[in-house]
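Okay, so here's just one chain, in structure tokens, the form predicted on its own.
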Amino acid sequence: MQSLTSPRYLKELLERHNFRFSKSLGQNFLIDRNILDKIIEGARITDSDFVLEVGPGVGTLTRALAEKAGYVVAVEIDKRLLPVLEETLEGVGNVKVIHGDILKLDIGRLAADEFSGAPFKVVANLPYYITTPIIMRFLEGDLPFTTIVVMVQKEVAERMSAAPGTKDYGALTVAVQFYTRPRIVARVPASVFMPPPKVDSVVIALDRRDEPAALVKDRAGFFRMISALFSQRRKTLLNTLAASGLTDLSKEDLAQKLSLAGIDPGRRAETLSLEKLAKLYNTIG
């Protein structure tokens, strides 16, 4: 089979299957082998790995994953691509394609059935309009993934990997870094896709943290606090917490508790690290 990163061959393949790109599904197919290699390297794929791919498209990344991984399960929502994948993955024995919506599938059951409950890696070139819901589905689902490597819009990657005190640091940053440790794998220009999107992209790896459950006493309560704090970024911690309804403490008692915990009540949430935010919640919990 010719290379799926060849624009000429890819166009011929799609025309043969009467395929038309769907804007509503955010379809942009990768046509650069160098970026494929960087994704594989970023995921640190070995021949003993189980990999769950979201949105295989025509199978370009799928074939590259299959060359390195032990077993790949690819979930594709667009049924029009199933006959394309049947052709492009012909003879690749360690890949299974599942037709479905990753936001509606029982991922825990899928992983149990396909990977026998073993840890797995997630690799995806996600439609940008639905990037965050898909990533949060994995993060919040108590699933045994070890790494998530995804192609996302540049601005989203910057928010996920942001440091405290920067303009990109916010509720999404805290949520992603609560569960994982982000690292930028590659910066990707629009020209390496067919059709090219209107934005630049970044491949980001999210390596699972070993200790998220130990950070706070109550995960749901912690994220209610995070939502309140970052919905009013310019207010001080003390003023936001006092007005949030999250605690019965008076403003004076709150100020005293924060000071005793070594947290300046006059600071803003965007200046606090994840560990400081966890300490804040455990202080007022």
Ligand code: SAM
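Note that the structure is predicted; figures quoted are calculated from it, not measured. From 1 onward, residues are counted along the sequence shown.
We do not show the form predicted together with this ligand, though everything after this point is about it.
Here the chain stands alone, but in the predicted bound form its contact with this ligand, taken as any heavy atom within 4.5 Å, falls in 27 to 35 among 41 to 49, 244 to 252, 27 to 35, 226 to 234. At a distance of at most 4.5 angstroms from this ligand in the predicted bound form, all three residues Glu53, Ile77 and Tyr129 contribute at least one non-hydrogen atom. For the chain shown alone, Asp101 is a contact residue for this ligand in the predicted bound form, at least one non-hydrogen atom being within 4.5 angstroms. Proximity of Leu81 to this ligand in the predicted bound form: non-hydrogen atoms within 4.5 Å are present. This ligand is not drawn, but in the predicted bound form it has no heavy atom within 4.5 Å of Thr173.
By the criterion of a heavy atom within 4.5 Å, Ser201 is excluded from the residues contacting this ligand in the predicted bound form.
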